[in-house]
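Presented as structure tokens, the chain that follows is alone, the form predicted alone.
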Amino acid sequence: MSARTPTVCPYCAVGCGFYITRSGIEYMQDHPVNEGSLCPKGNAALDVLNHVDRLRYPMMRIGDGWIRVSWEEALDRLAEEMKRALREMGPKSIAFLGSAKCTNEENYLFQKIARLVGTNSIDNSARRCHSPTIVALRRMLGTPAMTNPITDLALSDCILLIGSNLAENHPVVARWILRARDRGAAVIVADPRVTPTAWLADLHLQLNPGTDIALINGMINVILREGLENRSFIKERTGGFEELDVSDYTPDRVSSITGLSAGDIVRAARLYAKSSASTIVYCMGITQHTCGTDNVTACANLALICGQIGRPGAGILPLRGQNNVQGACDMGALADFYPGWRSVDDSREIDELRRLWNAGALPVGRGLTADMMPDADLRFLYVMGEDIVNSDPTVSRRRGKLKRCFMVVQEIFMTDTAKLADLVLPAAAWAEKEGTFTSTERRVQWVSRAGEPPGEARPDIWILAEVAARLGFDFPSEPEEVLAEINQAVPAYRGISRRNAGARGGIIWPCPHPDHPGTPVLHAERFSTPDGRARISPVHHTPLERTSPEHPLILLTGRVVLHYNSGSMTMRSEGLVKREPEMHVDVNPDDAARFGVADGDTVVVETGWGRARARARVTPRQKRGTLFMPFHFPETNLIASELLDRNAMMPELKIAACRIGRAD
């Protein structure tokens, strides 16, 4: 280990840089995004590296127990079982789950194995966070990604935050919003809860859950009625405006849907449209709905009719969750896209990859998404770095069905998903290997190895190359070699190398050639659609979830600052667990009195999908008629909805009608 190794935080997708030294973390003051700061999770990032629970040896299930096996035995068994499934049941009997925590190079090789053996049944956790962003922004703008870098927020004169509690979930981003506020920018927060992000707001729109489309269409109604739209931008750079009819979304009608005052809707519309540079920031409060794709579409419509896109300080910023969600999707670890966002239905684009890979026919058509896998007739499932049992409600409830197939899990800890496996392969953590990660703002950064993995754990890229060899494929095994192949497969990464990705702050794609400086702002002159124009597309509000006498409350879910996704990493950090040790549910004081719940009580929350126990926290920050539970604890998945956004196959994870009562 060198004295000081630069790295990138393994938690959220902001891509904060810091150094790993022999004594711990040293802050990277000259990193362009975090400027030396880290959130609580980032400060605890090293806790997982030498944790006593790390997997150290390959293990094979024998009956109800495990035996330690050699890598040769483990890899031979993996290849044998995959070949058996292919021989007896064909490619439809096997599936792959990639990881938004693994590098671009690892996800690229993982999906390549899947495609070469004949299946598009490969997915990653982006399915449960930003798949609606992928569908909507790709269709409307041509590129499914943030349009501007995070630092651009400081240049905005109006920032609309909708469905995002970034002050807790992406704390470093809040720094750039505060700088904008110091310059006099207006901050609008649309959120049913009074979150720390809402504390930043000049205007907090505490709307009813699931009414985002009504709010945005209401703002567009005001903008068009008052002539605040950007007519020249609409005429020269968009199509479909004539189909955008929001005449029914008057402020008074939208007020009745959202619970907001008509005056606040008008004020928000004027602030956004009149600003010289406005930005929309959204997160899973927008995407994790059955109408997630329509929610994203509404956000893009608002930006397009005002011409608030394609300039510094003006854009659309979907905040991704995990550190490499953007990269895993860029690499094609999705059931509906090959690398470089090539559609699985476009045979011409698929043929480009077939030639690059010197392959025979490649599969066409969407494969199984993560939610579909438990109910499919699978014979073989390969999971790389995903704890799907604790992060996906469908998988959580149907975990028993996964035991019907031969299951391989490649992980750093014995997660609840790994406990179901037939074969467990110990993997290196992010600081024990090399490769690139792509942050939420399309920033590609190279990470160097700061130490060795424990025991016989190996980098995922080594494991995948060994698996590929046993299947008859000749894969590169060094990250730089894989990145060189990515240069050919993913046009936006054509000029990305260890040199420019390894520079301080890396490089922002698209980067078309090695000497290109990167492209922080997308769509400056044209959109990446076939004709260069963006597509405006009308969407309409439909009620999502209704309360009833049986379920009189609405449950909301989300993150808290001290934990991360399924908790497989943060739950092993003593400092974080000490401060956030257990599942809790936030309850409004009026609702607490109504249902006989006191602060600190153990309660049961029950939806139509299941029931869970939690500790009650009575707080006026919670909107009356709603509850809030963090999804880092397995119990939340037990009561979340399984309904899907049919465009993006996104589960309705954000809201569910529910009831609450004391556990006793």
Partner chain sequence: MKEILVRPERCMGCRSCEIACAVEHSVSRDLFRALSEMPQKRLYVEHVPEYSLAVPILCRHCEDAPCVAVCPTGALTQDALTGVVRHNRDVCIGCWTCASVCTYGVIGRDRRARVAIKCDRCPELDVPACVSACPTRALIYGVVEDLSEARRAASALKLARGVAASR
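The shown structure was predicted, so the numbers you read here are calculated from the model rather than taken from an experiment. Residue numbers count along the first chain shown, from 1.
Another form exists, predicted in complex with the partner chain; not displayed. Remarks below refer to it.
Taking the partner from elsewhere, residue 196 is found to have a heavy atom lying within 4.5 Å of the partner chain in the predicted bound form. Contact annotation for residue 646: none of its heavy atoms lies within 4.5 Å of the partner chain in the predicted bound form. Although the partner is absent here, residue 403 sits far enough away that none of its heavy atoms falls within 4.5 Å of the partner chain in the predicted bound form. The partner chain is not drawn, but in the predicted bound form it has no heavy atom within 4.5 Å of residue 615.
The chain is drawn here without the partner chain; in the predicted bound form, the stretch among 512-520, 262-270, 390-398, 560-568 whose residues come within 4.5 Å of it by any heavy atom is 560-568. A heavy atom within 4.5 Å of the partner chain in the predicted bound form is found for one listed residue only; from 625, 32, 610, 40, this is 40.
With the partner omitted here, the residue from 584, 551, 84, 179 that has a non-hydrogen atom within 4.5 angstroms of the partner chain in the predicted bound form is 179. Residues are counted as partner-facing when one of their heavy atoms sits within 4.5 Å of the partner chain in the predicted bound form; in 577-604 these are 578, 579, in sequence order.
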